[in-house]
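Below you'll find only one chain, the form predicted alone, shown as structure tokens.
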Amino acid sequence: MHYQTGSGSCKVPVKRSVATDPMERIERMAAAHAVVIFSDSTCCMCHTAKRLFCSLGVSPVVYEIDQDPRGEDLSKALLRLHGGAAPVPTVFIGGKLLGAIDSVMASHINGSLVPLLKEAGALWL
């Protein structure tokens, strides 16, 4: 299954993972790819994050937690990671937590996002 943005210019693979402990699952999922977004398929801020990465030429791996049978457990674990803030979108770059949409946008605006993406091997330009 693929998440497809607007005009079809960027297809983002949707992945599912199997592990028992939600935090362990998140860590394993985040470490497996250069850019990972934990998302909800109906969340507008999640859509914004996915579009931003696609516009930069990055194809993040997206885990739609609302479509995962154990998504509620993932959501609770992500909530703990954020200290009680909204659990999605949650972005990992190079296996490290970048944060929610506010951290992503701040990194983009201050110019630190592209170097992070390059360092993680998600961008080659």
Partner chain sequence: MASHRVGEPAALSDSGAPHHHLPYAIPHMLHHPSNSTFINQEGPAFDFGELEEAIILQGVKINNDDKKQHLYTAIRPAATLDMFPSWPMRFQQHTPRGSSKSGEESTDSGSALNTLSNTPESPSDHRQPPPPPPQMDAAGGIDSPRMSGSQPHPPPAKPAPEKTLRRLAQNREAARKSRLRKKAYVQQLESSRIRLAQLEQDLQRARSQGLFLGGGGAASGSISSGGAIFDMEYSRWLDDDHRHISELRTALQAHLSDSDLRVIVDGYIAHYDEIFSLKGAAAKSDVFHLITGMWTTPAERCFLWMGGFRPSDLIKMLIPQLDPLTEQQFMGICSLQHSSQQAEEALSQGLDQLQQSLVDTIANGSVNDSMHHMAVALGKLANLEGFVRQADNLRQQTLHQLHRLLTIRQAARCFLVIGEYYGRLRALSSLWASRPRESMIAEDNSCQTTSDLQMVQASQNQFSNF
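Positions refer to the first chain, counted from 1. On a predicted model such as this, the values are computed, not experimentally measured, just so you know. Each form is matched to the other, and the largest set of C-alpha atoms that superpose within 1.5 Å is called the rigid core.
Quick note: we don't show the form predicted in complex with the partner chain, though the next part is all about it.
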Each of L81, I93 and L98 having a non-hydrogen atom within 4.5 Å of the partner chain in the predicted complex: is that the case here?
no
The partner chain: the contacting residue among V61, V58, A77, M45 in the predicted complex [heavy atom, 4.5 Å]:
M45
Is E24 close enough to touch the partner chain in the predicted complex, meaning at least one heavy atom pair within 4.5 Å?
no
Closest heavy atom of N110 to the partner chain in the predicted complex, within 4.5 Å or not?
yes
Considering only heavy atoms, tell me if A34 and the partner chain come within 4.5 Å of each other in the predicted complex.
no
Test of understanding: in the predicted complex, would R51 fall inside 4.5 Å of the partner chain by heavy atoms?
yes
If we check the partner chain in the predicted complex, which of the residues in 78-108 reach within 4.5 angstroms of it by a non-hydrogen atom?
I101, D102, M105, A106, H108
With both forms fit on the core, has P69 moved 2 Å or more by CA between this form and the one not shown?
no
Aligning on the rigid core, do we see the C-alpha of A32 shift 2 angstroms or more between this form and the one not shown?
no
